[in-house]
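Heads up, the chain below is alone and in the form predicted alone; it's given as structure tokens.
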Amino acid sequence: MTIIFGVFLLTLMVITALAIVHTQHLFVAVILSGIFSLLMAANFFLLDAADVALTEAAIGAGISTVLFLGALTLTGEAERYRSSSVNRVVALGVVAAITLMVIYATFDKPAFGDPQTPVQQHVAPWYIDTTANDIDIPNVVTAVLASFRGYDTLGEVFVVLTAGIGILFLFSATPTRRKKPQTEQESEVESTAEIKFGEGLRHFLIPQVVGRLLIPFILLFGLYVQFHGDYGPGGGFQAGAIIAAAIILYALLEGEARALRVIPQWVLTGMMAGGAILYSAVGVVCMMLDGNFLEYSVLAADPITGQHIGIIVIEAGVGITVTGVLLSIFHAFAGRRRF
């Protein structure tokens, strides 16, 4: 039954992808992209990759869709299609060749879920055995990312921080001089769009009722994912994306100005850097206690307790940075107008 449902989801993904390529209406393409990400998240759940599925659902289907919609306010509704028959033939040939290569490569793959595959015989057994003895948490994925590969995860946090800073720099370079609209009708449409965007959806009853009902539960679920990541799917990356999605939903309902009053931009900037600093500070504290950088065992008299403390604190740092970066990017999009 799981295989049948998986094939059904993959079929829907192919249909959705073809529809995205075929449509010339950008709004439709954005919505279909969100649907594609949601289908991908469902496939990840079927593959028992719940951590990745949570991230895909929150960022791919949620935040990315909102950012794409924000980008659409800076451009037209329809794609300006310019292509020749030669370009179509070349594009079709490239897609067909890559598709055949991928299909051919799948014949050499091991069976799904086979425990004797090479990847399961290398370091995976060591991670499973060592996690039970030295860290004692059920979620081996969290143990690998937060403890065994703590250096790599710290680097990922700084990559997220750097990406956020880069995007904010790009938007800060926006010219301040506005171009004069070509017609009065264009000016009226632009002003109306800006007013509605600034006010949010507060004049629409159904989104207001449903959104206000969902926001507390989304925030609660985000905190659950943050602090229960040791024992179930979740962690700082997933929790940060979920909490950011809840705040973005509030901004869409009540307007960007009200969202910034709840969490001002200077707080978001502090969160961006503060989470990465908190993560690094844990490593420094470990060194001050005569341990190695990010060696959590020295944080308490019991090494396992020290591992738990270190993982909880650095996961909090990850969640803080991810939340600050995603919200800062959203406000950068939302605060930008046509120029």
Partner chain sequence: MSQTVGVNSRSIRLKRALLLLTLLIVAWLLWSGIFYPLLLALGAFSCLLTVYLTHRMGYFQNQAFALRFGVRLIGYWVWLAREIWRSSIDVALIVMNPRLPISPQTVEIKATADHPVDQAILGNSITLTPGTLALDVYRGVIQVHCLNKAGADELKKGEMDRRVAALRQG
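Residue numbers count along the first chain shown, from 1. None of these values were measured; they are calculated from a predicted model.
Another form exists, predicted in complex with the partner chain; not displayed. Remarks below refer to it.
S.K.: Is the partner chain in the predicted complex near all of L278, L299 and I304, within 4.5 Å of a heavy atom of each?
M.R.: So, no: the whole triplet misses the partner chain.
S.K.: Going by a heavy atom distance of 4.5 Å, is A257 a contact of the partner chain in the predicted complex?
M.R.: Answer no; every heavy atom of A257 is more than 4.5 Å from the partner chain in the predicted complex.
S.K.: Quick one: is L252 in contact with the partner chain in the predicted complex, heavy atoms, 4.5 Å cut-off?
M.R.: Close contact is absent here: in the predicted complex, L252 is far from the partner chain, nothing within 4.5 Å, heavy atoms only.
S.K.: Hey, in the predicted complex, does V285 get a heavy atom within 4.5 angstroms of the partner chain?
M.R.: No, no contact at 4.5 Å.
S.K.: My question is simply whether I312 lines the interface with the partner chain in the predicted complex - judged by any non-hydrogen atom within 4.5 Å.
M.R.: I312: yes, in contact with the partner chain in the predicted complex.
S.K.: Let me know which residues along 215-242 have a heavy atom within 4.5 Å of the partner chain in the predicted complex, or say none if there are none.
M.R.: The stretch touches the partner through I215, P216, F217, L219, L220, F221, L223, Y224, F227, H228, Y231.
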